[in-house]
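Listed next as structure tokens is one chain, alone, in the form predicted alone.
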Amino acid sequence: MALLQISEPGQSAAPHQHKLAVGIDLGTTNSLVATVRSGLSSILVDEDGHNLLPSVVRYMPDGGIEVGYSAQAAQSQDPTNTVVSAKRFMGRGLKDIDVSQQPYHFIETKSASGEMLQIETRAGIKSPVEISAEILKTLKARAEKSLGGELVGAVITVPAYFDDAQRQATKDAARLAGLNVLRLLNEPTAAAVAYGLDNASEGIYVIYDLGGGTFDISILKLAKGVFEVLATNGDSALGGDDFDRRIFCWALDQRLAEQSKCTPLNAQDTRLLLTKAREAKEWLTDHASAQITSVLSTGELLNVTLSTKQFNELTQTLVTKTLAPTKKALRDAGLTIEDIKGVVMVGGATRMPQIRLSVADFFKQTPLTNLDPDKVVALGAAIQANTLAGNKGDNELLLLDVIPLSLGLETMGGLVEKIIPRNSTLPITRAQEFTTFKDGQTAMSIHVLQGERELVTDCRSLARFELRGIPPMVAGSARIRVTFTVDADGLLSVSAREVASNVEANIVVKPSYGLSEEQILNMLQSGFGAAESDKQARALAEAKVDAESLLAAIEIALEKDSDLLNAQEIQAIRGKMDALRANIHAGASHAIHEATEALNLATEEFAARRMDASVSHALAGKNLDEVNF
């Protein structure tokens, strides 16, 4: 009789084969780590029983580093060396953030692809990547202690609207922390996974994700175990921190109203008052008013009372700001409010009553809040980590995520040729063939762009590289195949290959910082608002490219075969060429088209004579029996 191996539900029958993997929600305000045990996803706690880890890092006078609650407690006393909300600085340059309300000493370092923001501390200059790595190290240690072994990998969540630079910065932070990243997973998708396994209800869902520093809206379709993201939108610079700052500014206005002259706040007082503002915001979730009392470093007492009504009025524009991306996501998905089966609330900031009321009013239904909004992302990430590690269960889901912004490259005339359109399902590979513009061209410059506009000047430059060694050919003969690949983490690589010779070049796009807060929102907005002008600009650029190509071809023909024309005929053709050049300079696409047609008509006889001369030359010295028809 054979022995029967007994195992826990959802676990491997051979415990030594169960691989330890976790899901990590690297948040702006708080971070969490979760895993799947006995078939269930659960949050791992620290030695004091805390689920959350405040995303705060302090560099100590003795050279040590504090992370979490102890660092959070010291943020008002040591603000310049205690970094909070580092996620907001990930993949950013100094010009991308408002430093006026930050207590840090920011500096910026130059690189080949841009500037990288860093913070000066007593422990030296630290980048947001290094600071985030300290948070991830703490979560990794918590997980390995709880699980009793070394992790094989982690799924780390990022906002859906994080661009390529922000995603790469997150992956770099994980590498510094000693984590093997199985996947970067969009936060709304992770939340949908957590809800999907509990509810197992097919249909279309909206994930409304308002965290400490970012806002995402994603529309997903669940059908037969497949999660397909239909559309995504958001704001990578909108979150609970902005609600705190509204309270902070209101408190300063009250202080100014009570005193004829106020001493400017130093870094310590600024951080203290921001902390009090956050506490007041959280208190107002369940109470009608909040008392904000602070003793400033000058000995001045600030004591004000903020009512729920006042708070709602202060922050109404922020609440409304989340609905614009929501409407765009619905429009992109081709859906109406009536098509939505449920709205999932994610992120600690969704606890604010005015947020829930606004969402319920917009979607005409009560949003789903049965899972803790702080925990739901980590729980979903753990489920995906368990699957990717090889611990597959019966409830395994297939995730089909999307890319938030279109990717393309520059073509002649400063135009953008989109290779991968926004909201395309990931991972994805798309290829397109291009050709040379000039005779004998042996190199081609590849300019990779991101955005929704038609012209290069209106899009974001991601990278440039060159394909060299193209065999010299007549213009238009070479076949350059350019391939764009975006992996499941949303990271881009581009390759270019000349088909005949197999000469190849490639690049992994890794900018030092990504799109600014304004750019990442305005790209789509300007794309919709400038559609007609973009269409006209594209038509003009294409007309110019065609006209210049025709002029170059005729110029070469005249140099070789001008003896086929008399002086009057040459003068007529030259006149039409000058007219076309004048119209190209004037910049009217309709006039360029007319001048191009006129030049084509003027050169028809010349083209026929060249053809006759070519045939005569080919047949010279041959009899009819030697000619193959």
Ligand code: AMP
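Definition used throughout: the rigid core is the maximal C-alpha set that superposes within 1.5 Å between two forms. Position 1 is the first residue in the sequence shown; the rest follow in order. Just so you know, these numbers come straight off a predicted model, no measurement behind them.
Separately, the form predicted together with this ligand exists; it is not shown, and the next lines address it.
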Q.
With the partner left out here, check for me: in the predicted bound form, does some heavy atom of residue 153 sit within 4.5 Å of this ligand?
A. no
**Q.** residue 351: touches this ligand in the predicted bound form, heavy atom cutoff 4.5 angstroms
**A.** yes
Q.
If we define contact as a non-hydrogen atom of the residue within 4.5 angstroms of the partner, is residue 374 a contact of this ligand in the predicted bound form?
A. yes
Q) Heavy atom to heavy atom, is residue 30 within 4.5 Å of this ligand in the predicted bound form? A) yes
Q. What stretch, of 351-359, 383-391, 177-185, 445-453, brings heavy atoms to within 4.5 Å of this ligand in the predicted bound form?
A. 351-359
Q. Ok, 91, 103, 490, 212: which has a heavy atom sitting within 4.5 Å of this ligand in the predicted bound form?
A. 212
Q | The unique member of 79, 408, 240, 159 whose heavy atoms fall within 4.5 Å of this ligand in the predicted bound form | A | 240
Q. Are there residues in 450-468 with a heavy atom within 4.5 Å of this ligand in the predicted bound form, and which are they, in order?
A. none
Q | residue 348 C-alpha relocation of at least 2 Å between this form and the one not shown, rigid core basis | A | yes
Q. Hey, does residue 283 budge by 2 Å or more at the Cα between this form and the one not shown once the core is superposed?
A. yes
Q) Under a superposition restricted to the rigid core, does residue 274 display a Cα displacement of 2 angstroms or more between this form and the one not shown? A) yes
